[in-house]
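Next up: just one chain, as structure tokens, the form predicted on its own.
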Amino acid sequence: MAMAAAAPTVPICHGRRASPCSSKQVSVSVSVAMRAWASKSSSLSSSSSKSPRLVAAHATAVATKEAASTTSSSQGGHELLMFEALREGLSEEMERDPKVCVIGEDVGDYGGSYKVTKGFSEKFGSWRVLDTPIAENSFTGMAIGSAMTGLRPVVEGMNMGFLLLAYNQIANNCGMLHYTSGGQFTIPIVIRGPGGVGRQLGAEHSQRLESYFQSVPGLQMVACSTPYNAKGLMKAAIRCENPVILYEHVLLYNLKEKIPDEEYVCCLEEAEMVRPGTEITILTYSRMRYHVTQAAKTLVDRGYDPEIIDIRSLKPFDMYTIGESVRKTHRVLIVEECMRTGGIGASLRSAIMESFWDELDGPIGCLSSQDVPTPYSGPLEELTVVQPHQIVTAVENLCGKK
């Protein structure tokens, strides 16, 4: 449902700290067409009341999925697949703010490679849902330029691996131009699309770009794992003044969940407590969340009590939530689909050792994908990715068998 521009309502922000959207970032040049588009959007927005930016809500505890489900059940709700939740969040933001636009290959009449923008061309028009040629560096640079002039573009990569063709634009422009312009520009841009290891998609279509972009200054990175946080993170990313990369896993698009009818926004910098426990902290994100929860059933049957946290924010890490958990369990296992060398797990392990070394009762375990291109062969592909039985074994080794 859309929020009426003439009577803006403060959305629920499921977060503990202030919004991460206060710092500024920026980027490249823009075409004459984009300047005209920006001028048109500015005139539209000036004729209506401006909706508030992402509200900073200081909650007293981490918003768990169980709490969200309780709220949804008590106040109604509706079931959506994850790609539908992304679509709903994006549609609401485009209705709320005429400066929000979508740019990418086949995002218009075709509706996006996974139908996240289905029906948008008819609803919002071809100026706000811009189909582009197969030229990732060009349309990403154009989107960055449009953000410099006041728009809030959402760039869809048909496959996240293809956005490596726009690495220069994302790294040198998107992440750094706020600094190199002396703060004269901001880049409120969202870069999103399907990624991760799918089902026999081959090496070039099974990229995990977290490891590529985590060291780029000026970028924020989040990974959605449920329909609920997919919608909430989409809305938060669009409202953020920083450039945000939103990672969506190709195998989670058909995941179904009941989400609230009322508007809500997730905090971009907050992890999610999936399962409270006392014996070991398991940190994970994206598709591996489900491998971990599957392994947890076996672990509980064997007498273990794991605490599971979906870190969600890949940059920066929510070290508050992670630290509180480590102080309680004193053992840590990181489970990721990213590559082992230079991956998210390596950075997270380093951050935990630096901040909470005295709280640890043993080494930090880390299960990652193999450092090989993802095979096309189904059995070989499965061997490169962490499986639930490996998680069970790792927990038993770290905790000691009972």
Partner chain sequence: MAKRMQGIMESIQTLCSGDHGNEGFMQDDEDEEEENGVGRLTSWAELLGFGLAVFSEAIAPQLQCFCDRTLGFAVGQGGSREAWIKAVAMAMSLVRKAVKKGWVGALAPAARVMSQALSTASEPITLDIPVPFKAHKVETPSVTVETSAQELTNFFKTMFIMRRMEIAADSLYKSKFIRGFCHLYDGQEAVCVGMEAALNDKDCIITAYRDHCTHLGRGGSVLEVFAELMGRKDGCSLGKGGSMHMYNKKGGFYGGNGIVGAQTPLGAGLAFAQKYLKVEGVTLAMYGDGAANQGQLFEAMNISALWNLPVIYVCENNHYGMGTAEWRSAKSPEYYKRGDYIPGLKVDGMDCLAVKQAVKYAKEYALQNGPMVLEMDTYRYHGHSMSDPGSTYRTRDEISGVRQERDPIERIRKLLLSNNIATVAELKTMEKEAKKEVEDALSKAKESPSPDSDELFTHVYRKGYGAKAYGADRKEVVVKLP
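Numbering follows the first chain given and starts at 1. This structure is a prediction, so every number in the text was calculated from the model and none was measured.
Quick note: we don't show the form predicted in complex with the partner chain, though the next part is all about it.
The three residues Phe162, Pro379 and Thr384 all sit with a heavy atom within 4.5 Å of the partner chain in the predicted bound form. The partner chain in the predicted bound form comes within 4.5 Å of a heavy atom belonging to Val372. Although the partner is absent here, Lys315 sits far enough away that none of its heavy atoms falls within 4.5 Å of the partner chain in the predicted bound form. Although the partner is absent here, Ala203 sits close enough that one of its heavy atoms falls within 4.5 Å of the partner chain in the predicted bound form. The closest non-hydrogen atom of Asp106 lies within 4.5 Å of the partner chain in the predicted bound form. Partner contact region in the predicted bound form: 109-117, out of 226-234, 293-301, 109-117, 178-186, criterion any non-hydrogen atom within 4.5 Å of the partner chain. Residues from 337-356 that approach the partner chain in the predicted bound form with a non-hydrogen atom within 4.5 Å are limited to Arg340.
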